[in-house]
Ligand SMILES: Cc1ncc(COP(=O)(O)O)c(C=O)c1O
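Take a look at this one chain, the form predicted alone, written out in structure tokens.
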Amino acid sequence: MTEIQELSLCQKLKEYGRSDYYPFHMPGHKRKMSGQMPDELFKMDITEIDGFDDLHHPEGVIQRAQEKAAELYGAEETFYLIGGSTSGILSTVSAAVPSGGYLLMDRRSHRSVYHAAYLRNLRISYLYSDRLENCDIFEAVDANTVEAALHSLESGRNAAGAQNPMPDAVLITSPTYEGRIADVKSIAEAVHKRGIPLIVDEAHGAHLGFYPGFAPNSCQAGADLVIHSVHKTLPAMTQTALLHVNGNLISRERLRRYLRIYQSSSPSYVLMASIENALDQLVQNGDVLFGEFVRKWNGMMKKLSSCRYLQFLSYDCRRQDTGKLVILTRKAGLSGRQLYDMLLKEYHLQLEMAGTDHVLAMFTIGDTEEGFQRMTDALLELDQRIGQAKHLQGKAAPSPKNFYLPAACGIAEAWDGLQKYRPIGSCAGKTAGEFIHLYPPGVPLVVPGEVFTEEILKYIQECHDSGLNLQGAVSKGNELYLQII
């Protein structure tokens, strides 16, 4: 077989699968169908063989694919990730912050950020965002909040010498899981004027910047390190992601070292081809795909504006991500779980998640006219049924007024310490020994080392009683148990 350099990775894999080369190498399925899996996948699933490059030392087709991705997003350098955004978060935090260093981070970060802090034994402090009015959803971190936090640290350092060092990096999440978008440009300016790198967990924003009216992606807004989950909002396979790098505040060689550590040494060529295929669709037909998507989205939202009881987050596309349909349930007298179950069981519509007082449905360029219409019809019918009910029963769990929990010790000390389970009713004032969060989205309600308050314990219990996917707590009989140190 003659290698053609211009072929994409996907094309090369398909061509190789049709060839007569016999595989005396891994993987063990030997490019043949096994069981009930599709034959085409096995033909494309190879290891690092001649002509197919190596993700951890790219010089050929993978290098070219990564260069194309960097050009598409406006980054200086881009890395393919086959361990999802999690591998990108672990790698960027490790590269940007020395062991035992200081990270200023969004309190509502994904659990992988906390895992990175744990692995590197980091000192952390938090950036808090405001909760939206009348619902259990939080804004993205505000630029003024970042500026105030950094200014406070500078003032403390000037007054007390080296007692309050500046952070080694700042990390924010934008868009948030529910689609709230930060002013990344202003945040980057506030961080950079102090010589500090900005990491943006933009896992839910791989589509940003590709259509008029969309918010820019964080590479375009000036961030140093940006992580995108390609599979979340673009037509790529699960576990595919990108890591973009800009500027000279981060050592590229150190970053490559941690990518080799946190990613498999046997990367999936099927997943890498999936990334390339998704990005090629944007290059070749992105304007049409996003134009159709926005047309269908706007048509649905116009029809749903007639709902009287089901409410939706307002859609300023610079503040709220187009495609994240957040349905608020308090006025309807429902919990998020109740609406989630109605849509699933009665209409066969599988949503992304249920919260205490809202649900989230995600729309992308992969959604059909039928999909948009089915969701529209279901919500309009449910809203009418709610209006015909004799009375409404407010069942959404009340949110704590204060999510700011005091910390008795650091994450590593608490997570690695001696622990025991205690009934939730006896945990007030005790120090948490485990993360507690709803999954999705995987944002910790409680972090190891934080002290349980009566208010947060009541909220945890109500989340459990509402049937939400609460992780970090254990049911024993009729009682909920939590880990304390």
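From 1 onward, residues are counted along the sequence shown. Quick caveat: nothing in here was measured; it's all calculated off a predicted structure.
Keep in mind that the form predicted in complex with the ligand is not shown, yet the notes after this line are about it.
**Q** Counting only non-hydrogen atoms, choose the one of 80-88, 247-255, 179-187, 123-131 that falls within 4.5 Å of the ligand in the predicted complex.
**A** Heavy-atom contact with the partner occurs in 80-88.
**Q** Counting non-hydrogen atoms within 4.5 angstroms of the ligand in the predicted complex, say which of 296, 115, 192, 232 makes the cut.
**A** Partner contact (heavy atom, 4.5 Å) among the options: 232.
**Q** Here the chain is shown alone; which of 271, 203, 334, 354 has a heavy atom within 4.5 Å of the ligand in the predicted complex?
**A** So the residue touching the ligand in the predicted complex, by this definition, is 203.
**Q** Whether residue 110 contacts the ligand in the predicted complex should be assessed with a 4.5 Å heavy atom distance threshold; does it?
**A** Close contact exists here: in the predicted complex, residue 110 approaches the ligand to within 4.5 Å, heavy atoms only.
**Q** Does residue 441 make contact with the ligand in the predicted complex, using a 4.5 Å heavy atom cut-off?
**A** Residue 441: yes, in contact with the ligand in the predicted complex.
**Q** Residue 92 versus the ligand, in the predicted complex: is there a non-hydrogen atom within 4.5 Å?
**A** Outside the cut-off, so no.
**Q** Whether residue 173 contacts the ligand in the predicted complex should be assessed with a 4.5 Å heavy atom distance threshold; does it?
**A** Residue 173: yes, in contact with the ligand in the predicted complex.
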